[in-house]
Each structure stands twice: as structure tokens, then as C-alpha cells.
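Next up: just one chain, as C-alpha cells, the form predicted on its own.
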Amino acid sequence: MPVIRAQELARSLAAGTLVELSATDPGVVHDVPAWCRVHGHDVISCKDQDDEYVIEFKIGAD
């Protein structure tokens, strides 16, 4: 679900917007960066904070 929600959000954001996504599913560490590569977004950071995974990425131009 995090990738689907990120995609829905990304559609409404301008290029260059920074997004911080947090989730408890460890799969986001691989899924969100892969989705970013496919859709032209740049991953800024991936962190494991407490019981959540936090990924920061910048919206690219589609």
C-alpha cells in the first residue's frame, strides 16, 4: 500500500517537492526506491527510525 499511496500523492505534487513517507512494512525499503527509479523521482534518504521505515524522496518531472 505505501507505493500506491505515494503514487497517488505524487500525481498532485509539483516537480521538486520533497516527500517523506513512513511505514512499518520493511518492504518499502526496496519497493519505494524501485518505484522512484521507474517514475523519475530521486530518493534522498532511507532510514530505520524506531519501528518505522522513513524514506524521503524528491518528485521528478514526468
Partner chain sequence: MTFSSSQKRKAAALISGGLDSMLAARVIMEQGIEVHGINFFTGFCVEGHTSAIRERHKIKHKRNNALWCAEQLGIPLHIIDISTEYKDIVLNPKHGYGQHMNPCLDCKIFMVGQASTCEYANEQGFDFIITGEVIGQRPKSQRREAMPMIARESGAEDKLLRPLCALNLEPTLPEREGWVDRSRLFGFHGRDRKPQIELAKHFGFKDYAQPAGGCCFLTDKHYSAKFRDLMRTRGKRDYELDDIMLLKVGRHMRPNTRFKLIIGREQGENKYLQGYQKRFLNLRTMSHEGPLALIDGVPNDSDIELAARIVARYSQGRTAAEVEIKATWPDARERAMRIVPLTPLEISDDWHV
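Keep in mind that what you see is a predicted model, and the values were worked out from it rather than measured. Numbering follows the first chain given and starts at 1.
Although not depicted, the form predicted together with its partner chain is the subject of the following passage.
Chemist: Taking 18, 22 and 58 as a possible spot, do all three reach its partner chain in the model of the complex with a heavy atom inside 4.5 Å?
Modeler: So, no: the whole triplet misses its partner chain.
Chemist: Quick one: does residue 14 come within 4.5 Å of its partner chain in the model of the complex, counting heavy atoms only?
Modeler: Result no; residue 14 lies far from its partner chain in the model of the complex.
Chemist: Using heavy atoms and a 4.5 Å limit, would one call residue 42 a contact residue for its partner chain in the model of the complex?
Modeler: Residue 42: no, not in contact with its partner chain in the model of the complex.
Chemist: Which residues within 1-21 place at least one heavy atom within 4.5 Å of its partner chain in the model of the complex?
Modeler: Read in sequence order, the residues that approach its partner chain (within 4.5 Å, in the model of the complex) are 1, 3, 4, 7, 11.
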